[in-house]
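Shown next as C-alpha cells: one chain only, the form predicted alone.
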Amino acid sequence: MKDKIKNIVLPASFGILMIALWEGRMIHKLLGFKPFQLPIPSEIIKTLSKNFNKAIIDTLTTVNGALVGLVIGCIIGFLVAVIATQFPKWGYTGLTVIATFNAIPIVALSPIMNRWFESGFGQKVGVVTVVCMGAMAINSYRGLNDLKPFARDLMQSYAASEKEVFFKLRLPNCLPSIFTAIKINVPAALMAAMISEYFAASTSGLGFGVKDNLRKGMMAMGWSYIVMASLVGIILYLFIIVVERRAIKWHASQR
C-alpha cells in the first residue's frame, strides 16, 4: 500500500499542485510571463472544447503517420538486429549504420524528406521510420545476444539447431527489450511526426496546428494542440504497458 501511495498518489498530487499554481497565475508571476504568453489551463480547455472536432481530425492525421512510421521503423530495426545476430561478421556493420541515424537531427531530416516525397504523409512516415529504427535495432540486438550461458549450453547439449535456438531462446529473451524499444519509440514517433509537419506542405496535423496558431497569436488554441499530443502519447504508452504485461507476464520485470 505504501508503494502504491508513493507511485500514484504523490506524483498525482504534484501534478495537481502544478496545475493549481498555473491556474492561479503563480507561474506567471514567478517567471514573469503575461497571460497571452502562457494561457491558463481553464482557458486552454475552453478553447479545446470549442474546436474539438478540428483538433480530433488533426490529431488523427498526426497519429496515423506516426503509427505507420513506428511500425515500419521497428520492423526494419528488428530485422537489422536479427541479421547482425545471425551473420555477425558483416551484419554488425549494418547495426552500426542504423544506430548512427539517431545522431541526425530531426529538424535537418525533415526538409530532406520533404524533397524525397511528394506528399506530406510520405515525408512524415519517412522521418518517423528513420527515428525509430535505431532504438529498436540496438535493444533487439542486446536482447537476442545477452543470453544466460547455461541456457545456451543446455540448448547445444540437446543438439538444437540455430532455428530452434532463435525461436525458443533468443526471441523469448528479446521480448522485454523489444517492448523497451517500443516505449522509447512511441513519444519519439509523435515528436518526429509533429516536427515533420512544420516543414510539410499539408495544412493539417498537430505540428502544423501548433505552428499556425502560435504564429497567429492564438496561444490557447496552440496549447490545446499540445495538450492533445500529450494525451495521445500517454494513451499509447499505457496501451503498450498493458500489452507488455500480458505478453511477458513470465518475466521478472512484471512480477
Partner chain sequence: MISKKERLRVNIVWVIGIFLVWELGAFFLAGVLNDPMADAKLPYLHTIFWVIIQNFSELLGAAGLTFSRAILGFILGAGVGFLLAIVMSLSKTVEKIAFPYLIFSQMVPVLGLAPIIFNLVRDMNTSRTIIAAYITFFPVSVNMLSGLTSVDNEKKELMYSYAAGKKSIYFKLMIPYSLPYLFAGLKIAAPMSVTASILVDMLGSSGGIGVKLLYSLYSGTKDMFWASVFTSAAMGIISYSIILILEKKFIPWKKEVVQKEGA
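Here the structure is a predicted model, which means the values were calculated and not measured. Numbering follows the first chain given and starts at 1.
Here the subject shifts to the form predicted in complex with the partner chain, a form of this protein not shown in this document.
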Taking the partner chain in the predicted complex as the reference, which of L171, L154, L147, V71 has a non-hydrogen atom within 4.5 Å? L147
Just give me the single entry in A55, I40, V210, V63 that has a non-hydrogen atom within 4.5 angstroms of the partner chain in the predicted complex. V210
Interface membership of F166, the partner chain in the predicted complex, 4.5 Å heavy atom rule: no
Even though the partner isn't displayed, in the predicted complex is Y158 close enough to the partner chain, meaning a heavy atom within 4.5 Å? no
Using a 4.5 Å heavy atom cut-off, state whether F14 contacts the partner chain in the predicted complex. yes
Residue-level question: is M26 within 4.5 Å of the partner chain in the predicted complex, judged on heavy atoms? no
Could you pull out the residues of 27-46 that have any heavy atom within 4.5 Å of the partner chain in the predicted complex? L31, G32, F33, Q37, L38
